[in-house]
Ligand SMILES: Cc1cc2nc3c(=O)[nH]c(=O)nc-3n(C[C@H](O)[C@H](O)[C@H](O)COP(=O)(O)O)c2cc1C
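Taking the form predicted alone, here's one chain by itself in structure tokens.
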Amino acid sequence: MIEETMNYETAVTQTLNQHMSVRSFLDKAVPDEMLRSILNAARRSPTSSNMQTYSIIVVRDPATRQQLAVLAGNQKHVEECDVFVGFLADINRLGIASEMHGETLAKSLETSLVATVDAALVGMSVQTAAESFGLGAVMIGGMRNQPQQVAELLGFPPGVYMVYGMSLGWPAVETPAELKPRLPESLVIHYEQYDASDPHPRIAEYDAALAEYYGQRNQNAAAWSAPIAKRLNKPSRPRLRQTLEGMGFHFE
């Protein structure tokens, strides 16, 4: 009996499997209609209870992108990309919809989380769609360094903050034959029950694989666990909650 071999690969999985962060871009414009196609496809992303608690902001103006680059911690690719896209948690519309029916929006941790997750989902869809066209991108979490200043620069109303941004454009580098290794599948994917067996050997294995990857490219970068430990030995963005609550979000 000949066993049938199935090919469980599609254009989408191929795009995802070729993902890499791109921080160097060609001086070549992304066509407006291509960008609109990407953004409108991403608007079909899942959203909790159809609340659609996100907005997308596109910034092409070089002067504005230069200011955003500074606010993100002087990340030059924010300034040098052709298009900067911001993904916003947006509960402002929920308040307006509530008022239209004589209700008051009860702001809570749940609504803040829903809006943040919605923005993250649509942003991932934008990146996948963009990469399917051959564009390159990198997500910019540094937009949360100064969320109030970002909001003022881009004219956000209360109840809106930028969860993260994205530098987008035509990549100036080719996708390498070997992409940066990820954590082992067995550490990340669990079936039926969370596998809480000792992770130390698999983390050490990943550290070694990542160190080898960097070493082959003459990159003086430490493996995974050491920089994670050093980076997270103190709270990151300790005033973020206070700032976002001042911008109209609640975390209780």
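This structure is a prediction, so every number in the text was calculated from the model and none was measured. Numbers for residues come from their place in the sequence shown, where the first is 1.
Missing here is the form predicted together with the named molecule; even so, the following discussion is about that form.
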### Query
Since the chain is shown here on its own, which stretch among 92 to 100, 149 to 157, 107 to 115, 177 to 185 would lie within 4.5 Å of the named molecule in the predicted complex, judged by heavy atoms?
177 to 185
### Query
So in the predicted complex, does any heavy atom of V138 sit within 4.5 Å of the named molecule?
yes
### Query
Hey, in the predicted complex, does S21 get a heavy atom within 4.5 angstroms of the named molecule?
yes
### Message
Test of understanding: in the predicted complex, would G142 fall inside 4.5 Å of the named molecule by heavy atoms?
### Response
yes
### Within 52 to 80, the residues that have a heavy atom no more than 4.5 Å from the named molecule in the predicted complex
Q75, H77
